[in-house]
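First, one chain by itself: the form predicted alone, in structure tokens.
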Amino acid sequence: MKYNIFSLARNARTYHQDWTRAWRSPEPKPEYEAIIVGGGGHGLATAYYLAKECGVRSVAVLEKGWLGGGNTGRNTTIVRSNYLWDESAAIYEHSVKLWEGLSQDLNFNVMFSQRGLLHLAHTVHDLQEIGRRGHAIWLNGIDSEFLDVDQVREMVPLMNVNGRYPVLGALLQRRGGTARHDAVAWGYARKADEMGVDIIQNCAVTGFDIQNGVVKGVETTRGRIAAKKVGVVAAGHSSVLAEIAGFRMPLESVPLQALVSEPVKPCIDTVIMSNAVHVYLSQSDKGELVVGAGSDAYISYAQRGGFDVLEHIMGPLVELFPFVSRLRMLRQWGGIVDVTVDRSPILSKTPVENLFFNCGWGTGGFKCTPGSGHVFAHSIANGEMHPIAAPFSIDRFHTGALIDEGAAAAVAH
């Protein structure tokens, strides 16, 4: 089914009552070539690229709840690739390039808006940090510009650059921006289904069928399903599933909060991030101001978070944008993020043969949805990790070859 002006006009004649379902809801088959555990953006992208580029059409995506109901629907939709380390730059830039053609590839508008991303500097140390990172980014062939305070003021007139948190400059990635999280999940689901992938919702994985160190399938709330290969993309619950499979993952799961304001007229046409005060801001297409914070300081599976984090970010936000003090906040939510010690993801084979894990994205998983799914699909299909994914192996926590984005930027959004 193509979404275009002709199908829109044709269905308008029947008051849009005859649109076919975007994807099927099939019963699980007894066996698949590959099973993807987790029906979020990364899992759906993995299934799509397995079918499209790797020729693996016998694929099932198992989601314990509803499609896209986890972190895919609980984030602030930021897309960027301005990371310090070469390994991070490679995978996130690979993802940005896929983002740039994703709507055409999926024949579904994911509302990718390259409105630019400003990374603010408030202190001399901040200026040194963005200087170091900006030059490293440039050496990796990724767009990066330094702005002085006058250029920042011109770009964002409503920002108070001389307040309690003075703005001394910023690092700008013009190709950064935002996308619509729900549309990303729906687009991948629709296209994967079109290629024969079974998307099975309300099907929780409760165990793994492991024989002589080799995975043979999964146990679910809807019975046993056999598979030659299994990929786990379960975000905050990855460590739980790893323990069920008989090994441990170096992860901690913590809440990450965000909130949105009432809609207002267009006033901010870029994404603004501040590591020093740990707040980031953008305006949605509906006019809402989308505000994000750092993760909570405690381990939890509660999808709400604590008020102290909200209090911590609202103060600096009002200092930087005084008009926000007059806005009402419509809703607040939390997601469960899985965090590694170096704040970089894990894309890896595991001690169980043919069982692969894609996790540890922490607070920055949404932006790498296409890139993560693409390299993970090729890794599962070939039995060896894709060259872009290889540095993110679980083995790095034994060898010490960490990719420490936490230390590099103090934030990984």
Partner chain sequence: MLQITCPWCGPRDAVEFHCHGEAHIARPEKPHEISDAEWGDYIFFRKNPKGVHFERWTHDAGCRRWFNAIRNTVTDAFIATYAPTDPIPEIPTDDQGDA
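On a predicted model such as this, the values are computed, not experimentally measured, just so you know. Numbering follows the first chain given and starts at 1.
There is also a form predicted in complex with its partner chain; it is not shown, and the following applies to it.
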| query | finding |
| --- | --- |
| Which of 236 to 244, 196 to 204, 119 to 127, 270 to 278 lines the interface with its partner chain in the model of the complex (heavy atom within 4.5 Å) | 236 to 244 |
| 4.5 angstroms heavy atom contact with its partner chain in the model of the complex for Pro250 | yes |
| Partner contact for Asn160 in the model of the complex: its partner chain, 4.5 angstroms, heavy atom | no |
| Interface membership of Ser300, its partner chain in the model of the complex, 4.5 Å heavy atom rule | yes |
| Contact test in the model of the complex: Ala22 vs its partner chain, heavy atoms, 4.5 Å | no |
| Residues Ile142, Trp186 and Arg190 all lining its partner chain in the model of the complex, heavy atom within 4.5 Å | no |
| Option touching its partner chain, based on a heavy atom within 4.5 Å in the model of the complex, out of Arg222, Arg304, Arg164, Arg331 | Arg304 |
| Residue among Asp150, Asp86, Glu262, Asp308 with a heavy atom within 4.5 Å of its partner chain in the model of the complex | Asp308 |
